[in-house]
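Given next are two forms of a protein chain, the same chain in both, each as structure tokens and marked structure 1 or structure 2.
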Structure 1
Amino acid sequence: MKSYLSTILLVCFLNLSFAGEGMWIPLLLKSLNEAEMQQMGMKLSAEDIYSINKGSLKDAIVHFGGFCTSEIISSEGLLLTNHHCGYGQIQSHSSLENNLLKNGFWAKNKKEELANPGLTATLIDQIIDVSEKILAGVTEEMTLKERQSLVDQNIAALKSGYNLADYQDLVVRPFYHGNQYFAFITTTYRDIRLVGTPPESIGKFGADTDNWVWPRHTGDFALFRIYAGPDNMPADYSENNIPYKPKHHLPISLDGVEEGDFTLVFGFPGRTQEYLPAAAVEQIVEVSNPAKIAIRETALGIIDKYMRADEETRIKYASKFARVANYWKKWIGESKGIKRTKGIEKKKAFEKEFQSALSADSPYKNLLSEFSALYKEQEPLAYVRDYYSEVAGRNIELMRLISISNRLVSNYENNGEESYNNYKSRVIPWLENFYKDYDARIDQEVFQALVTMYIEDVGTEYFPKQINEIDAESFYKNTALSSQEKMMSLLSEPAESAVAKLKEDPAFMFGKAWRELYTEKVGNPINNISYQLDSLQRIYMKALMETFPDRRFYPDANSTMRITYGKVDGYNPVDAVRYTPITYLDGVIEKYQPGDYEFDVSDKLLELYEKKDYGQYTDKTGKVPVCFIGTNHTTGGNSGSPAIDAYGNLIGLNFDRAWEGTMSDYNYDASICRNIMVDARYILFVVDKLAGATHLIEEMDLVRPKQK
């Protein structure tokens, strides 16, 4: 299977022209991508990008907190990532008296850099194709459960053969829906400090109005630093730790970009599902997305009302609001994009071609009809699943407290008092942080609205019968969970007493009844269908590569290190409209609205603009570039990824996608799929001219590759 897939992939690659699509494995660049990338203008070799024998670009690429990407931009471990990736840490250091979100923050020296307990930075040491070892003994006759059990055993055996340090890990991930496996040896640093962040008026300029939108004028960046022990290896936080000395860091280009320039984005994209059948994508567009959008729209409306009325509330809820709003807007654009580009129709046409290419005795001839039948069976359950997950799992904060309480009770009843106390010791710091940014009034109103929606749209069949009428005010008043004082008092009691009281708490009983009803009527049945769909998807992926050996297939994103490459290019969002690929500081001033939290700017920025005091951070026209777009295929997790030029220098910072092309997770279309990046020169301009943090500029290597 290993050699067969490699041959197929190489042939697929050589027979299709580049369209910007694909998230490629760095290990395979030499055989699959290097020639094309160099034909597009790249001056690097595959070895310059990924090497285990010398410092390479991969050694500057960091998995930030496990949810974003960041990159090392100095020899002293200086990390660049998105403002929105560091938002939680920035918020945690903010208060009314010292509001880092509003005012920004710049450490004048390393002693002023702020620690962030729990934040990690993970580097990739090596990527290894382990398909033969992981799939050893696996046969097509196995059930999905039998197959996974053997795969898990093989993974465990593989890991046992490696002698890793305590700061290292070996992570094995499936590719091509389980037809291939790669291992990633990683090193994780645990002392990551906040170095600098622009104010929200730059880092979140345009806020929710401009989110997922082009043209964009957001300086979405923040600076952190990796600290290490005296041996340059990971260590817990200590004042004696020193800045990490990387194997490689990215120089920063002052020459910037022009339309048509080569761009490489290196990072950890989260999840794509490019090879779903038409039936699945149709269900997403027509059933799942509308339900999730409606729920979040209701919740956001309530939260926004309170945030606009009170500054302290806005600080407390800023990160939560942004998190909820992000995918709400993405789903809207995603559905519109799929419809506009006729994504479902294209998949159906492709499936018709696939079916026609199969022989009469092909083992794959019934695949598509089996898919259709299963998705039809799943559809009503998927609707309830999405409603339940959004209402009970994501948008009502009390439900998170119910989940915590359930685990406390479960630990006590199943594993005894020691297990309960161990979990309690871990959860109490989390609860203290949670309640700091929790407002029961807001949550109560969200609860009332969303539960009412659930009952009206899903039906009473999927809601606990013992709950005849939801009175949120009484409900929140009578539960200990909505009050920090009551909850902490309860947890201070002996385990037996605390558990007994939790089990009698009205919120706990409500959550338990709802969860059990959902599991019985929806969770178990839909899980059974999902197992069958997962098995079919693996077979379908294998069938596609066998049936179309001259076509290009790349693995879906799965939070592992990937390369995507393209070019700086504009697009046509609608008829008769052309978006150019670069925005400027002029556009920030054009959008400026004094006093508006989304579009306000500082007096200092206005002064710099009026005096044209831009330093060395302009393009050939004398203007300061702010953002640019490219054809790179990106998704969630690519936030904070470096945009790298043909020479291996940093030219920008990936932070978003254009709204019209957010459907690229399911259906990449080169005509409108664009990733959005902050221009590196705008970042330098803000750090140097606006913040006056010249010491940080001096730490970086600024280059002019186009002037050589």
Structure 2
Amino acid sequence: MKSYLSTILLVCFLNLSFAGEGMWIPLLLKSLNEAEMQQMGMKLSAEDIYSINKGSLKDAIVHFGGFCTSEIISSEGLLLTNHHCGYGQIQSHSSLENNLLKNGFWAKNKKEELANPGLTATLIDQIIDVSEKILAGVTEEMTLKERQSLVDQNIAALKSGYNLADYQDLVVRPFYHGNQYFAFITTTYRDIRLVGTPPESIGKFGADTDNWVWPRHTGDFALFRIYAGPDNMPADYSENNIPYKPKHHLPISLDGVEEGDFTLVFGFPGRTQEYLPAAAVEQIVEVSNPAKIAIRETALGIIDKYMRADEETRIKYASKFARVANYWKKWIGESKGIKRTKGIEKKKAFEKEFQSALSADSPYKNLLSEFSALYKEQEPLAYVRDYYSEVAGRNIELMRLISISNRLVSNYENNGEESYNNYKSRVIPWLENFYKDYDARIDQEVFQALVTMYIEDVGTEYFPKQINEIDAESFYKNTALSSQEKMMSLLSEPAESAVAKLKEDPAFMFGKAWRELYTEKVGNPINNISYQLDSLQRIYMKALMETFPDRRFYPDANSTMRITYGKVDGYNPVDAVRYTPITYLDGVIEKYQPGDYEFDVSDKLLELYEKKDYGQYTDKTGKVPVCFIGTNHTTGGNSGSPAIDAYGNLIGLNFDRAWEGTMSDYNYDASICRNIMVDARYILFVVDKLAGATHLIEEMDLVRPKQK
């Protein structure tokens, strides 16, 4: 009773409402989170989750390719991640005759599992707090440059003190904006094979229409396997490699979840900025997001028109369209969410509280006004930066060809022919792949529209003068870059003449002039301001932690291993509407639109549904759960993360967030921020009943923790 009470008191004191906010460092769980997690229903200890002395949950959590998360679900290195995380690999094994995207793929035995050159799986051996060592000698009087160079030296010294195997790495990362440093010792496996994937009609069900949307019915999963050398250590691909034997793998719960159940999500979130001042969030909502949204909307409108007109174009542009549309949609939800939850007003109120808590002689007195002044100074530049990066850096595909050409030229001129040839040999396969999915007509129309927007909105002074009145048509006609044939023939010439021709190419010259103008007028000055902002952000973080010593602060995401926990919970997307937290197979059938590329359903799935052939993969009422949501605080990079129950079993697979709460990257709000997970039972149902891959089911540990 006493410890129960003291936990309650502690929680009230910390001003937490079991909300789910925070991405916590596994190493610090014991001191910061264990009590609260157990209070919320967790039956595990911090040591069960992260330990360097015994196998713990962390030994099953794997950074997939450096951009997603995955987890080990068998004693033979079977790896579960999202379909959208393995999309590139699945696509690369696909052809018109053997279309894995369309039909799915299931290796019948280990021999049939498909190798994926370049794909890696990274495990975390150990996390070490190295703050003292990295910040040794650093003083507040130092200039930013001096500070950075001392930190770099300290990192190098730390690294040289470790005796690592060639497959290991020691990565040091700043936390709390450079107030603390943690080191990660990692082991990276490099023979990762594709084991199975459902067809897109399951793995990408709902596609862009349902992306970021709840209620959701996507079976966004795929299976891979880690292979190791005979000593269980990382090795290059070889037929003699064997399935990796993990220190821990996650059992899978057949009991699933109910509203209110504890959930833990373990993975590698990419980037959040929770401690920005109100001035910065205001800039995002008022300036950056509207600009970026408008640009992408224009580009997407043009691509969509061509995709609808022609099936071949649709296939060519599907993946590019999805990528551009993903963040376009996210930013719209983000801005709406910040407004709806009064995110800026809340930050302002908090800043008032902070300011009035400072003593009269506090060194932090002017911090917030310095922030505001700098953001104000930055604002017009940030607007051009966002325009330039979206227009030139992202949506006009020709610009990518220009930057490749530029690198070829500069390699040749600065480092000689060998360097040119090295880069060229890498870039040719890339170009072949690029042109396969490139349509110069579409790009030309995007170019015309976006450049017009750019000139109208940011002004001619940021655009190379000589092409003020740009004529996209003659421009695309006269450059070699927009044509595979012309470009490849140019590159087949001897280096010297290829470089000479590139330098005279109208697109090349235009791109170079644009970039130089941008760098001088915007790039350099804004870098200078960002540098100062970074430093202020570090000081602000420190000031917050000193001013509110009783509050718990979690570090912003930085692609390192984190834990977030919450509960299964619905939310109100708008007034008077309540979303419940679990979807079912019936909902897939409700959304079914025969022949539609987003909402089609395979005959096999329809048949299973008709016959109610669900096996052991239903809830208590006999329905097959498909997806569920929770209050776990996740971001990009958390895709593929396991959702884990109170006992340490896998209950789901994280893959998205609900649209209304995508502002969680700046302003987590428990009322509407929800992560979306595929229910593990849907995954098992698809593997067992739809794919008939029973050998994989046998390989897994299926458990019933609630019936114990």
Ligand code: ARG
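Just so we're on the same page, rigid core means the largest C-alpha set that superposes within 1.5 Å between forms. Residues are numbered by position in structure 1's sequence, first residue being 1. Keep in mind the model is a prediction, meaning the values are calculated, not measured.
Note on provenance: structure 1 matches the form predicted on its own. Core-superposed comparison between the two structures: the C-alpha position of residue 375 differs by less than 2 Å. Residue 570 is not among the residues whose C-alpha shifts by 2 Å or more between the two structures once the rigid core is aligned; its shift stays under 2 Å. Once both forms are fitted on their core, the CA shift for residue 260 between the two structures remains under 2 Å. The two forms, fitted on their core, place the C-alpha of residue 310 4.3 Å apart, compared between the two structures. Core fit done between the two structures; CA of residue 504 shifted by 2.8 Å.
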